[in-house]
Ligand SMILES: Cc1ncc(COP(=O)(O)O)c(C=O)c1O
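Before any questions on binding or motion, here is one chain by itself as structure tokens, the form predicted alone.
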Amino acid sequence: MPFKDYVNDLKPYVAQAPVERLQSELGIAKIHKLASNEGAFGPVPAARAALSEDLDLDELRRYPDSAAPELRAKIAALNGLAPENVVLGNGADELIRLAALSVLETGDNGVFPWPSFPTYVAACATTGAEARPVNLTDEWQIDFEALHAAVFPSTRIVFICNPNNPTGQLAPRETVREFIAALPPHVLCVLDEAYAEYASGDDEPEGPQLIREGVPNLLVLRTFSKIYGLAGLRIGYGFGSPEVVAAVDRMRSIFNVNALAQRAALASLDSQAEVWNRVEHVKQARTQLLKYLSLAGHKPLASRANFVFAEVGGRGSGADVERELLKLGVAVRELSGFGAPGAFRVTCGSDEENAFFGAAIDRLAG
């Protein structure tokens, strides 16, 4: 079959196998999954109620409301914006690809820090454009000078993940502002703030504020997958000017966000107290994971997301650590696919899961 060269060359994102399959293959009764940055507690109570009470399953034969006006209006109001500033996606991941489709052609290129989220590579490649990664600094921070130097006349899109996945590092607000302001007008900046809620406090991400100020050529991404615990329903959202939102919206499939996802997301937005309780839990969990990793001889980074990145201490790779921990009943994520083969990432789980990880990483070190 004569597929396009860039399709044949594309390396797809490889998700970790479901826990049930891993348990069966390894003969382990229970695996604690701390690999995919999912929320530790599942849907908030309001979303659980919305998915179980007065749900007419017969209505699932109908297509969902493609425009989702109520959800878009509520997201907009909570962020001081208009519905015309909001676009919905089948997870923020889909919006990354739709943004690329809206601006990239063969011969163009997209720029992004590296290591970072592999979907940026795929989003460029699936349009036939060049993916142009820019190395992080030796301290695993985004090198904004180098990033700016990599923007050429052929560059049409720049992706910035903040906090960055997989490192968990947060870029300073003013640095992000200055970088976006200095971009040429032909470049769309996608500011991926999937972990923004976990970065609350000093210098927390301010994507919606930039949109309120009318910053052009900017798409800010958020998600219900992490803090709201709805990863299985696949729903994310983006903010931008009406022009940017309309362009990205034209790229999506007609019914890209299903009815249950819309229902759960709408209910979740009324649960801000629960959200902040989860943020506080993650802050405590990060402290514990940092301690466990350091005592085991690894080199973790202080994180502003719901995970902790660690360079492998001593010999071996992130894949070695992932494999050995899996035998002990813990799934973490090795990071060769993210551009950091000598590192691994651990998601903040429940208290029980975090304690289990601590015992396992200590046992591995011994």
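The first residue of the shown sequence is 1; numbering continues from there. None of these values were measured; they are calculated from a predicted model.
The discussion below concerns the form predicted in complex with the named molecule, not included here.
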Practice task
Counting non-hydrogen atoms within 4.5 angstroms of the named molecule in the predicted complex, say which of 225, 271, 85, 109 makes the cut.
Solution key: 225
Fill in the blank from the handout: Residue within 4.5 Å of the named molecule in the predicted complex by heavy atom, from 98, 142, 264, 92, is 92
Exercise for the section: Choose from 122-130, 189-197, 170-178, 148-156 the stretch whose residues reach within 4.5 Å of the named molecule in the predicted complex, heavy atoms counted. Expected result: 189-197
Practice task
Give a yes or no on whether every one of 75, 252 and 256 sits within 4.5 angstroms of the named molecule in the predicted complex by heavy atom.
Solution key: no
Problem - the named molecule contact at residue 161 in the predicted complex, heavy atom, 4.5 Å - result: yes
Practice task
Look up in the predicted complex whether residue 117 has a non-hydrogen atom within 4.5 angstroms of the named molecule, and give yes or no.
Solution key: yes
Exercise for the section: May I ask you to check whether residue 234 falls inside a 4.5 Å heavy atom distance of the named molecule in the predicted complex? Expected result: yes
